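Taking the form predicted alone, here's one chain by itself in C-alpha cells.
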C-alpha cells in the first residue's frame, strides 16, 4: 500500500493569470483580477464586481483545437486548459502507462450554456446539443477525453465550495489505498447568471473589492477559475524518478449541519475539519507554518473561520494566515483546487501571500491576517475550504513526505 501522495504537476487558469507562472506573478505583485462584469449580459453587471478569466469561449475553443459544433461549456473549456497544463508540468507523455483516474469538482457544470440558449431549445435544433453538457459530470468527462484517460476512475464531486478540496482528498485516498497509481484532481467553475442571481438573492455579493477578515466586509466577489494537481504514488515516483512539488499530508472533512447557506457561528465544522487533517498528517497545531484561509469576506464565514482557527491553534499560537480570494474572487467548486496550487507555490517559494484590501480589525477577536508579502521558510501549509450545507474541508500540504 502506498503511503506517500506526491504532487508532480499543477495547472491553473483564473482572473489573475492563464497559467501557474502568471498566477504566481500576480500573487507576489498583489495584482487583483476583480472587475465589473464584461462577459455575461446580466442585469446585475453594474451592481457587483467579479473575477473573470480573460479568454473568451471562442479563444478557449481555439486553444483546445475544437470544431465550431462542439458542445463544451465554459466550465469544460477552462477545466481542460488547466488540466492539460498540469499534465505537461508533470512531464507525463503516456497518460495510461499507469492506472490513472480523474476527480474533478464543479457546481456550475454546463448551466452557462443551457441558460444562454434556454428560449431557443424548442425553436431550433442548433443549440440542443448543450442539453447533453448541462450536468456536472459532462465537464469531467470532456477533461478526461482531452487528457486521453481511457482507464481508471472518472468521477465528479459537487459539495459546493469545498468541492475542490474534497476532490484532492478523494484522489489522495485512492492512491493511499492502492486503487490508482495517479489521479488528476481539481475543479472548474465558470460564471453563470444562475450563480450570480442565487448569490444576489442571498445578499452576500459585494459591489466593490472583497475584504477578507475586515470588520467592514460587504460580501464576496464571485470568480471563475480552474485548477488541477497531478497526484502520484511512491511507485510512480520511484520508477520515473519524478520531481516532487510537494505532498498531500493530511485532510479532513466534516459537516456542522448548522444551516443550508451559513456556517456555525462558532466554527464547529471548520474546527473538526482542521483537527481531522492534523490527525491524519500526524501533526500538532504548532507544525503548521501558514494557513490559506477560506476567507470569503462574508459576515458569517470570516467570523466562523476566525473562531475555528482560534479553537484549533489558540489565540497566542496562530500561524500567519491570509485569504487569496481578494485576488481571484470566490471560485466556488474550484476554490479548493485554486488555493491548493497557491499553497504549493507558497511552499516552493517560501512566501506568504498578503490578505489584500484589509483596513479594520474585526471586533470579535484580535487575530489579524498577514497583510504584506512575507518571506518565510515554510514546511507545511494548511488550506481551508468551506461550503454551503456546512460541508467543511481542510487539506495540509508539506515539502516532505
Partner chain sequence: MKKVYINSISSITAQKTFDNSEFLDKLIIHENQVVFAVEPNYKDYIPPAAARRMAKGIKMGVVASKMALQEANLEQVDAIITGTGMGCLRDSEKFLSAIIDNNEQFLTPTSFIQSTHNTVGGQVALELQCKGYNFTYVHGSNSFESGLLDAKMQLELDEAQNILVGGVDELGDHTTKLNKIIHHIKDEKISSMEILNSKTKGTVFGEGANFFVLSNKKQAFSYAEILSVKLFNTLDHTELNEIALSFLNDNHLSVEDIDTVVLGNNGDVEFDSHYYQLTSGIFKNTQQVCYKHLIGEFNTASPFGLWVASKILKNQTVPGALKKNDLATSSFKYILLYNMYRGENHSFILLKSC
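Residue numbers count along the first chain shown, from 1. Because the structure is predicted, anything quoted here is derived from the model rather than measured.
Here the subject shifts to the form predicted together with the partner chain, a form of this protein not shown in this document.
#### Entry: Three-residue site 41, 107 and 157 fully in contact with the partner chain in the model of the complex at 4.5 Å by heavy atom
Yes: 41, 107 and 157 each sit within 4.5 Å of the partner chain in the model of the complex.
### Query
Considering the partner chain in the model of the complex, which of 284, 177, 241, 216 comes within 4.5 Å of it through any heavy atom?
The option sitting close enough to the partner is 177.
### Task
Have a look at 303, 245, 272, 87 for me and say which one sits with a heavy atom within 4.5 Å of the partner chain in the model of the complex.
Exactly one listed residue reaches within 4.5 Å, namely 272.
### Query
Contact between residue 198 and the partner chain in the model of the complex at 4.5 Å, heavy atoms?
Contact with the partner chain, yes.
### Query
Can you check whether residue 152 is within 4.5 Å of the partner chain in the model of the complex, heavy atom basis?
Answer yes; at least one heavy atom of residue 152 falls within 4.5 Å of the partner chain in the model of the complex.
### Query
Going by a heavy atom distance of 4.5 Å, is residue 166 a contact of the partner chain in the model of the complex?
Judged by the heavy-atom cut-off of 4.5 Å, residue 166 is in contact with the partner chain in the model of the complex.
### Heavy atom of residue 140 within 4.5 Å of the partner chain in the model of the complex
Within the cut-off, so yes.
### Message
Given the stretches 227 to 235, 207 to 215, 117 to 125, 78 to 86, which is the single one in contact with the partner chain in the model of the complex, using a heavy atom cutoff of 4.5 Å?
### Response
Only one stretch qualifies here: 117 to 125.
### Message
At 4.5 Å, heavy atom to heavy atom, what parts of 333 to 357 sit next to the partner chain in the model of the complex? List them in sequence order, or say none.
### Response
Residues within 4.5 Å: none in this stretch.
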